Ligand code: HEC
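Just one chain is shown here, as structure tokens, and it is the form predicted alone.
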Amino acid sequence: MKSCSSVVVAVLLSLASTVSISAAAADIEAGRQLYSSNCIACHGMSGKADADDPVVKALGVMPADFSDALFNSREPAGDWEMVIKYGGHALGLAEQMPAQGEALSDEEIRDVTAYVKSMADTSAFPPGEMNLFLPIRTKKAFPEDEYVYKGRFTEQDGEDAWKNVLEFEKRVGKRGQLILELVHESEGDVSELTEAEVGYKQALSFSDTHILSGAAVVAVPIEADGDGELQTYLAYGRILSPSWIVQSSLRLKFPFEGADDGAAELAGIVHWVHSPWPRRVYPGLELVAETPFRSSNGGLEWTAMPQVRIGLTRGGHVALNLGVEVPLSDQAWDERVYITLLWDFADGSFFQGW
């Protein structure tokens, strides 16, 4: 346990020392002038459109409310720059939002985006830039509104096994998230709804390049044997550069029947973010190490998981993740295949933007 803690501390300190991404500062005053000339007719002076305005009525849709701090904070500036440049249709949003790429330069688009971002005080909200890709086993730090299906097929001696998880995540307040999960497992003739999990996650520290969160989850058995367990974890995410992001988590599992029989899990993943367009294929490599609190239960287990994130919709709010987990130590199973389907319902309906 001591060695595992030392590893995670070293990892976090190393990541924290990474040089922040530099970018040219936007001119908010220039952005204000551009907004007044190009955007105010539809979006309103304060960023909230007037529903009774004839121009707004003619649109047939209500423009986004930039003065809403939660909405403003959870949308990455880069996505808004793309919407301004290529139009709403490019990211599966309203076609009434016209492309401005021929009328405005990239610098002007950056300026007007910065001004729109300043229309609400979002200092207490984690920025949307830190809504990083959902890994397979590494815990995600950003508090989000999502439905997630996770499927796992385990090839092993004897009967192969399936595990299905349905997860509901709901944003609470400025930094929090509720977590609800149902777990079903089958192996041979045994098929059962094994447990339900209820938890809460809170963002503890964040900036435009990093986020650190803590969470606690209670797992309660339904049809399976056992008395349940408490799981706690720290989750960390960082943007290393425009092309690379890294995430890591340390999770501790404490069975209610005996906390000493629990285990510690350290996981981490690196993704190559090669394109700003969400509907692309993004490769990643994940490593997981798990060790029991008591050495008599066995030794350290290592696995590696190459995987790909596939954006299915133009805005990427519906995405697929496919991966294969390969043992790097002596374990009871040969390999595991994962499939994850994610729907970020705060960004639109499941069928929007295909």
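Start at 1 with the first residue shown and count on from there. Quantities reported herein were computed from a predicted structural model and do not represent experimental measurements.
This protein has a second form, the form predicted in complex with heme C, left out of what is shown; the following refers to that one.
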query	finding
Contact assignment for heme C in the predicted complex, among T194, S248, N131, Q100, heavy atom within 4.5 Å	Q100
Contact residue in the predicted complex, from V83, A267, A219, I136 (heavy atom within 4.5 Å of heme C)	V83
Candidate stretches 91-99, 259-267, 141-149, 232-240 - the one whose heavy atoms come within 4.5 Å of heme C in the predicted complex	91-99
Proximity of I211 to heme C in the predicted complex, heavy atoms at 4.5 Å	no
Contact of L104 with heme C in the predicted complex (heavy atom, 4.5 Å)	yes
Heme C contact at F71 in the predicted complex, heavy atom, 4.5 Å	yes
E185, heavy atom within 4.5 angstroms of heme C in the predicted complex	no
Within 226-262, the residues that have a heavy atom no more than 4.5 Å from heme C in the predicted complex	none
